[in-house]
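Here we start with a single chain on its own, the form predicted on its own, put down as structure tokens.
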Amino acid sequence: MEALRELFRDYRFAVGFVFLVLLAALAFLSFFSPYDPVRWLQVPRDEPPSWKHILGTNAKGQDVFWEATFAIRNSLVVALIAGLVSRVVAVLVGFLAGYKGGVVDRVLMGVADGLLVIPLFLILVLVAMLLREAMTIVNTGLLLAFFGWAWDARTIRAQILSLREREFTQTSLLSGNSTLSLVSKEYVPFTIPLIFSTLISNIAWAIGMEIVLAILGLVRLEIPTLGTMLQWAITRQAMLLGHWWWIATPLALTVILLVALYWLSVSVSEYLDPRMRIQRIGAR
């Protein structure tokens, strides 16, 4: 509780947390939607915001508010799958390469470097084109996770290499502690801020890439996400026709989500950083 109180003193954490809670509540509302998110012509088309349809309707005959609830839910699922799966891979690769060194390090970093030097965006587009009909929410998240771990694994490896050279590593090993004990008790606390910050960054990157792939028409467009909402609005010339509510809704949700993630990442990373903790103690 003390940690939460201290975090909430930072306006960035407080505002970011409130934004995320509101977006999560919006996503949860999708389970109570009176409309099918896939069916067309369920309501009158192209109506501006009103008491009956608070965010208006689109050219497909769908209520924009209820479509947005499904869009934010699905985009969050894609981003969480990409972020969590890629974190597992990045942490395992980074810890193994940094601690073991030698052949293990060269092989793992060779694979990571191979993913880093390829034109990532073009490869993602090519793979998405080949798997377009299979680009469901889960598969999109897994595809982004496959290409999203390499840089962070190298960053985590650098941190482990630094920790391995410190005196407490040799002291712990000479004291008879196991490698697992050393990693869990000594290395993990130092790397948690880095892991968390890379997780948030990867989630934000996944949201952006999903939007780009959707605008290019390389995902299942019938599945509502922030990206597919934008794609349909652009394709149906929403701005040209003056249907600003259709395109403004996913744009606003995307900006709010990315700002919230960034502020949470910065705030929590600073709180977990041992150097910042020492400064806070000294200030007291």
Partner chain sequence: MRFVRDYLIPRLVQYVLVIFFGITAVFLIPRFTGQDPVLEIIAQIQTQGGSLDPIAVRKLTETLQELYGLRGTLWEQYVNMWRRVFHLDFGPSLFQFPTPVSELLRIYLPWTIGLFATSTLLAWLLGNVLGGIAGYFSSQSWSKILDAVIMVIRPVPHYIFGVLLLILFAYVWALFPAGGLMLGRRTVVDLRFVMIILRYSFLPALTLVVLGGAGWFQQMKLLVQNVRREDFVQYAQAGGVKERVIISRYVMRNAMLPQITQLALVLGQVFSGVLMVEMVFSYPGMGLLLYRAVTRGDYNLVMGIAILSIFTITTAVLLLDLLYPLLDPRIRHR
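Note that the structure is predicted; figures quoted are calculated from it, not measured. Numbering follows the first chain given and starts at 1.
Not pictured, yet referred to below: the form predicted in complex with the partner chain.
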TODO: State the residue from Leu122, Val88, Val138, Val103 whose non-hydrogen atoms include one within 4.5 Å of the partner chain in the model of the complex.
DONE: Leu122
- [ ] Only one of Leu76, Ile211, Leu199, Leu143 comes within 4.5 Å of the partner chain in the model of the complex by heavy atoms, so just point that one out.
- [x] Ile211
Open item on the list: Please determine whether Phe17 contacts the partner chain in the model of the complex, using a 4.5 Å cut-off between heavy atoms.
Closed with: no
Open item on the list: Using a 4.5 angstroms cut-off on non-hydrogen atoms, would Ile247 count as touching the partner chain in the model of the complex?
Closed with: yes
- [ ] State yes or no: in the model of the complex, is some non-hydrogen atom of Ile215 no more than 4.5 angstroms from a non-hydrogen atom of the partner chain?
- [x] yes
TODO: Give a yes/no on whether Trp151 approaches the partner chain to within 4.5 Å in the model of the complex, heavy atoms considered.
DONE: yes
TODO: Have a look at 64-72, 48-56, 24-32, 234-242 and name the one stretch with heavy atoms inside 4.5 Å of the partner chain in the model of the complex.
DONE: 234-242
TODO: May I ask whether Leu7, Ile81 and Leu96 each come within 4.5 Å of the partner chain in the model of the complex, counting any non-hydrogen atom?
DONE: no
Open item on the list: Do any residues of 105-121 have a non-hydrogen atom within 4.5 angstroms of the partner chain in the model of the complex? If so, which ones, in sequence order?
Closed with: Arg106, Met109, Gly110, Asp113, Gly114, Leu116, Val117, Ile118, Pro119, Leu120, Phe121
